[in-house]
Ligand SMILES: Cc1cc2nc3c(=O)[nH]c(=O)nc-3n(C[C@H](O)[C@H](O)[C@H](O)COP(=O)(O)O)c2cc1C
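Quick setup: one chain, the form predicted alone, written in structure tokens, and binding and motion questions come after.
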Amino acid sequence: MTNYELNMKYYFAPLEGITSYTYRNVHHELFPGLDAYFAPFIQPKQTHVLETREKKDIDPVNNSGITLVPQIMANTADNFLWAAQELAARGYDTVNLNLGCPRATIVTRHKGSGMLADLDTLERFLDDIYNGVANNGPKISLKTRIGKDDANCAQKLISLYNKYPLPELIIHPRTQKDMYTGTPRWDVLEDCLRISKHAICLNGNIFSPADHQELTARFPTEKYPNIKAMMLGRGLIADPVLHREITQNRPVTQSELKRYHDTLFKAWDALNYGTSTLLHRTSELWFYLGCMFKDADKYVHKIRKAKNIPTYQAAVEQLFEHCEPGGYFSAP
């Protein structure tokens, strides 16, 4: 067992539309072992009122037994600090600032990775929020990309972050323009690691144990002792025991994948979404989960195109009857 398995922390990245508290509870019950789950981001509004969905998702009652880190996306210090205090009042001692979301609808409002385009404005924002919580607020960790349109500002970003008391810096080594395609810019990450003063969490394209091994070989803790955690996202939705495979070399079984699906379907169905919304949610799940099975394309197609529950369930049963695990999620 290597240093990574012994000492590394493993987090579940948020994915809006899937990893709400219902999903987190199912995953934690069936496959415990992760050090923390990150909640999909809250977007505080000028009215300073949380949406009902946001309240439910971060309610400690709905996350019992789970180490949850709420995430905030805001472009004004006032809105961020209000949301941070709301979360602190619910017992959260750490919140995460999202400077990583690359979605166009987010970026055009100068949120998420859209804030990386103007470092002067970003610095004023960070000054305000870290000064605003200095004595009576939660700790603020930060998730970032390495730039908006290119990676030339990556080292300037890290130097800026070095000014603040971050408990942790999560780095996704892509720009906003990269979205989620292509290979992460690991060479740029090397430069960032050399100058960062913070504990680092690595994020990006860890879809299999082989990906993890490649990353740990490139970034050994002996050379980069500030690497303290890894964030798993899309790969963990596809393979719900990816963290176990990495740390214990115990691959997922057919029966575990069946129980994962069936328990999650039952939990989502109990929320009374209605057929259309429920099948949309399961279709998103199967975009990832389908990658785990050999020769499953025709069955996954039937599952994701189903228009009613009986058709959906029949297609799922066919897949589990005819297909075995043998793959991992791969980025488009």
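Just so it is clear, the model here is predicted, and its values are computed rather than measured. From 1 onward, residues are counted along the sequence shown.
Beyond what is shown, the protein has a form predicted in complex with the ligand; the following relates to that form.
*Asks:* Which one of 216, 79, 98, 208 is close to the ligand in the predicted bound form, taking close to mean a heavy atom within 4.5 Å?
*Replies:* Contact with the ligand in the predicted bound form is made by 98 alone.
*Asks:* Looking at 243, 261, 234, 198, which is the one with a non-hydrogen atom within 4.5 Å of the ligand in the predicted bound form?
*Replies:* The residue in contact is 234.
*Asks:* Taking the partner as it appears in the predicted bound form, which of 251-259, 79-87, 154-162, 225-233 has residues with heavy atoms within 4.5 Å of the ligand?
*Replies:* Result of the contact check: 225-233.
*Asks:* May I ask you to check whether residue 288 falls inside a 4.5 Å heavy atom distance of the ligand in the predicted bound form?
*Replies:* Yes, residue 288 lies within 4.5 Å of the ligand in the predicted bound form.
*Asks:* Does at least one non-hydrogen atom of residue 16 fall within 4.5 angstroms of the ligand in the predicted bound form?
*Replies:* Taking the distances in the predicted bound form, the answer for residue 16 is yes, it comes within 4.5 Å of the ligand.
*Asks:* Is residue 204 close to the ligand in the predicted bound form, meaning a heavy atom pair under 4.5 Å apart or at it?
*Replies:* Yes, residue 204 sits close enough to the ligand in the predicted bound form that at least one of its heavy atoms falls within 4.5 Å.
*Asks:* Although the partner isn't part of this model, could you tell me whether residue 180 comes within 4.5 Å of the ligand in the predicted bound form, counting any heavy atom of the residue?
*Replies:* Residue 180: yes, in contact with the ligand in the predicted bound form.
*Asks:* What residues in 110-132 sit within 4.5 Å of the ligand in the predicted bound form, counting heavy atoms only?
*Replies:* Going through 110-132 in order - heavy atoms within 4.5 Å of the ligand in the predicted bound form - there are no hits.
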